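We begin with a single chain expressed as structure tokens, specifically the form predicted on its own.
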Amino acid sequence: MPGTVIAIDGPAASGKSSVSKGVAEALGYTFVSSGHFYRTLAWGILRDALPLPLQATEVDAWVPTLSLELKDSRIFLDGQDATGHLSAPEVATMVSQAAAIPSIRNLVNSNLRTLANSLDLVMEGRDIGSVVFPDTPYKFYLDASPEERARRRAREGLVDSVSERDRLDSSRATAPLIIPQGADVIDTTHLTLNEVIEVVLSHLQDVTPSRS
């Protein structure tokens, strides 16, 4: 793993994305959201009109035909910029179902690991420290009360249910949402964004800022 990877996991609306962006900016690292990759594939499922409910055998045949690429913070699927579609309600509804399929997770994880071959990363998701980069010494798990996370989701204008996302993410057979071994757990319920970023950075004093 040539690049340094800081893994930030947690449930929906725990503050992962905003905190990860702030930490990445402070260190000069590249911010990556694994959720954006899963949402890109959820959009691709809708784009290509795969039969619903999803069947693993059909998805397994579809996945090898895909080209997935991150360029300048935008994600491209088969050369199409998917970034503008990632917050669509129908994509939000599809993403947990898509992420439960092993071939989709394998494709995303392969792309995420490839990024670490040449970049220093702050990566957020739901299995970054537990599955994608279990050997990184820099692992964090952010959480907040369900009520606070639901309020945050509503302020973002997103329609997916926090409680339903929690149930699906924690109960799926493949890479369920867990607290990674050795992770620093931070309750963000009563902390501001800047306070959470400072807590994370206080645990990263031995991390060298990016050379680029």
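Residue numbers here begin at 1 and follow the sequence given. Just so you know, these numbers come straight off a predicted model, no measurement behind them.
From this point on, the text means the form predicted in complex with cytidine-5'-monophosphate, which you will not see here.
Proximity of residue 103 to cytidine-5'-monophosphate in the model of the complex: non-hydrogen atoms within 4.5 Å are absent; the residue sits far from the partner. Within this chain, residue 83 is remote from the site of cytidine-5'-monophosphate in the model of the complex, having no heavy atom within 4.5 Å. Using a 4.5 angstroms limit between non-hydrogen atoms, residue 122 is distant from cytidine-5'-monophosphate in the model of the complex. Under a 4.5 angstroms non-hydrogen atom cutoff, cytidine-5'-monophosphate in the model of the complex has residue 35 among its neighbouring residues.
The contact residue chosen from 184, 169, 148, 143 relative to cytidine-5'-monophosphate in the model of the complex is 169, the criterion being a non-hydrogen atom within 4.5 angstroms. Comment: 95-103 is the region of 70-78, 135-143, 95-103, 114-122 lying near cytidine-5'-monophosphate in the model of the complex, near meaning a non-hydrogen atom within 4.5 Å. Contacts between stretch 115-130 and cytidine-5'-monophosphate, counted in the model of the complex as any heavy atom lying within 4.5 Å, involve 124, 125, 126, 127, 128, listed in sequence order.
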